[in-house]
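In the form predicted alone, a lone chain appears below as structure tokens.
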Amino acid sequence: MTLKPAEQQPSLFPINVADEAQATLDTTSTFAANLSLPVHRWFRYPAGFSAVWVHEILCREKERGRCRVLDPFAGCGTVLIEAESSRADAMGIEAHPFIARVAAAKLHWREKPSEFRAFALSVLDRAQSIDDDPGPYPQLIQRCYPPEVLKSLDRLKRAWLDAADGSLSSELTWLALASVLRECSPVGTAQWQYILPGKRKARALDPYDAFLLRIWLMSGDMTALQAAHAGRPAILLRGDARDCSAIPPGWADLVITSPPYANNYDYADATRLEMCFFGDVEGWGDLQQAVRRYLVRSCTQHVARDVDDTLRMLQDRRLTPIRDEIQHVCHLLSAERQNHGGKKAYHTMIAAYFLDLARVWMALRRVTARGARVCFVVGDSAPYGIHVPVERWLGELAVAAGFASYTFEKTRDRNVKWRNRKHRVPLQEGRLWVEG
């Protein structure tokens, strides 16, 4: 190893909200800018949103007396990390087991950098002394890595398993390895759910080099944030936003979150590569039991067993405020389904999605104080080209759950570049503000 990572750390700059706010008003829902921010950049998860925007909202709402923030769809911890740096009390809920573990590891940034480095470098040293070839891996992993690359990654994993003791440094080291898996693959491993073994990258990193660089990046970020004297640690809970059972009644006076979109994106599949590598699943077929059963039903893969239950869901009293409209849309989707080879059960997905989100609103009403403010980053949907007014239906469900009012603030257009699109219905994305 000739790399000298201590000299190659990227510069760390604090978020300047005053300078960044105007520039980020229309990038609320994008994670890209987070890739230059300490801790946020430790794991790339495209379902996230802008940390700079979250920081701006937290600072503004603190001036108005709102100091307890909840994120019921915590993802990789963007809101929780920014709440810590803003000195706001924060709690988050995440249902995806792998993503919850990523978020929990990121929240360990208070660990002593020297202890993390010592632990992680010992894992690297141990890995380079292992001579055994890797055991069997799922087909996806074999297709994503040449034998020599997989051998190095396997040795890193085995070295970590030998040293793993449940400590903060151990979990940070697990995250360091998890975060470089895609960087080391020469095939198309985009962060969206589809892995493309037939597509080649211009450059893939050597596993040992990538792991070493990640150790120094993470420890540098830890040093920088600890020097800023951030506030109390945020609390992350593995749980279900549809009941928020671990959150005390009336606790939150601010909610910032982005629920899954009703656009058939399979959040369970988004981390299949990592979960296959670590042995959490053997393949796509294991995702239902390992992940999907815990998630809000926003994908047709989530509702394969619920098709016969569609009518009952539509008649549920919690959908009363939007019943006529949602029944009409689901009827159109059911009819249109017959014209497509895949016959995707979008009608069932839409019924299940809004029933799940109605439950979320009821749970949020219980755990938020009167006068609380809620912001959902949302986008509408048009499965089979049939428009679903997501932001309006969610707002009406929120009011029915006991909140006072809602407004929608559009931030950008979606689906405006028609190439390779399955329909030409203009869509939008923005912030749904709900007042308590």
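Bear in mind that the values here come from a model prediction, so they are computed numbers and not experimental data. In this text, residue numbers run from 1 along the sequence as written.
We do not show the form predicted in complex with a small molecule, though everything after this point is about it.
Residue 168: heavy atom within 4.5 Å of the small molecule in the predicted bound form?
-> No.
Using heavy atoms and a 4.5 Å limit, would one call residue 253 a contact residue for the small molecule in the predicted bound form?
-> Output for residue 253 is no: heavy atoms all beyond 4.5 Å of the small molecule.
Quick one: does residue 84 come within 4.5 Å of the small molecule in the predicted bound form, counting heavy atoms only?
-> Heavy-atom contact with the small molecule at 4.5 Å: absent for residue 84.
Heavy atoms within 4.5 Å of the small molecule in the predicted bound form: does residue 47 have any?
-> Answer yes; at least one heavy atom of residue 47 falls within 4.5 Å of the small molecule in the predicted bound form.
Look at the stretches 120-128, 305-313, 238-246, 274-282 and give the one with heavy atoms within 4.5 Å of the small molecule in the predicted bound form.
-> Flagged stretch: 238-246.
The single option of 262, 180, 105, 76 touching the small molecule in the predicted bound form, heavy atom within 4.5 Å = Residue within 4.5 Å of the partner: 76.
Could you check which residue among 358, 156, 218, 99 gets a heavy atom within 4.5 Å of the small molecule in the predicted bound form?
-> After the contact test, the surviving option is 99.
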